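The chain below stands alone and is given as structure tokens, in the form predicted on its own.
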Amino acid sequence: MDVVAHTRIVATARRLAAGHGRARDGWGRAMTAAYDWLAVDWSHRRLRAWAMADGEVVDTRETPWGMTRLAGPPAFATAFAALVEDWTPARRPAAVVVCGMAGAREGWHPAAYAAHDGDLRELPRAAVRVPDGAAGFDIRILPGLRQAEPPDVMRGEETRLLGLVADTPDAGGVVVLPGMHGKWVQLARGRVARFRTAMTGEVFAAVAEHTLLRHTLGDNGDDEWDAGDFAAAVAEGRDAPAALLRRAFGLRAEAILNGLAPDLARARLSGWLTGLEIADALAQFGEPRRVTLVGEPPQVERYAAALAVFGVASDRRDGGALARAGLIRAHRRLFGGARP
């Protein structure tokens, strides 16, 4: 990694970390308690860390330095060190448990995939230590899951599933984890019976950022649009999947000829893609009438609305909270709870 890239990562991480998401006491002051260990969720698009002490979160930070913005182990190490440099550990080396893309072959240090049908609660046994990852830290990366037939993999979602089943070992049913690579998972007695991945989020992003439609769809913003427009597009994606490519170019033509607004164009494209995904997944998973949605609130709400178009009800769980719960479970298995 060159000096310019190193400097950019450090500067951005420091700027975004400073005061961002800082836990507060009853008087609104920043918490300064020393932490026992760190829980880290490293996705394609962001790096999120929780400082933990006595089983509670004493601070949390987030930056956009996900895997897609980093190149190789040195960049991962730099981003991590810059994010946590002014946090104070209770002891050294400080325990760190990481899930997500840090364990990919293009990540910080490879963490091999575990078989998908094992007991999720035993997943931490396969964690790997990052050699020379960062001075003063004992860093363990959790593995992803692999499925031989049909071939599929996941990284990060398995830790959310671990958080989901940690207190309900007999959990079952279909779990949907929307995202860049959305996962549909069949749980049975706390194990992953099977899963499927849809590149819905990444296809949407690729079209919005790297095709002619970027001029029609406009800036990503917060993806705020009319719920009715989105639901109508979901139904169109369900009912006429073969029309997607024709309809996609139609957005461009309508913008030129009729002034189609960017938010409506984005609602339609997202709805068509989401309708395609859900129609295929429901057929694969036996047309369940209720699923559990795991993710961030805006995206989960959108998927709940899309599932309702299909007559499917949903229970909603916060993905960040479940990731943290899974990391806590993993820490207890790896380090025996509060690090001795």
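Bear in mind the structure is a predicted one, so any value in this text is a computation, not a measurement. Position 1 is the first residue in the sequence shown; the rest follow in order.
Form predicted together with a further copy of the same chain: not shown, discussed below.
Between the options Asp119, Glu254, Glu85, Asp226, the residue in contact with a further copy of the same chain in the model of the complex by a heavy atom within 4.5 angstroms is Glu254. With the partner omitted from this view, the residue of Ala243, Ala235, Ala115, Ala126 that lies near a further copy of the same chain in the model of the complex is Ala243 [heavy atom within 4.5 Å]. Contact annotation for the candidate site: Val97, Ile141 and Arg324 all lie away from a further copy of the same chain in the model of the complex (no heavy atom within 4.5 Å). Mapping the unseen interface onto this chain, Glu106 counts among the residues with a heavy atom inside 4.5 Å of a further copy of the same chain in the model of the complex. a further copy of the same chain in the model of the complex is approached by Gln284, whose closest heavy atom lies within 4.5 angstroms of it. Although the partner is absent here, Gln186 lies well away from a further copy of the same chain in the model of the complex, with no heavy atom inside 4.5 Å.
Looking at Ala261, you'd find every heavy atom of it more than 4.5 angstroms from a further copy of the same chain in the model of the complex. Note that among 73-81, 226-234, 175-183, 162-170, the stretch whose heavy atoms approach a further copy of the same chain to within 4.5 Å in the model of the complex is 175-183. Along 139-164, residues Arg146, Gln147, Pro151, Asp152, Val153 each place a heavy atom within 4.5 Å of a further copy of the same chain in the model of the complex.
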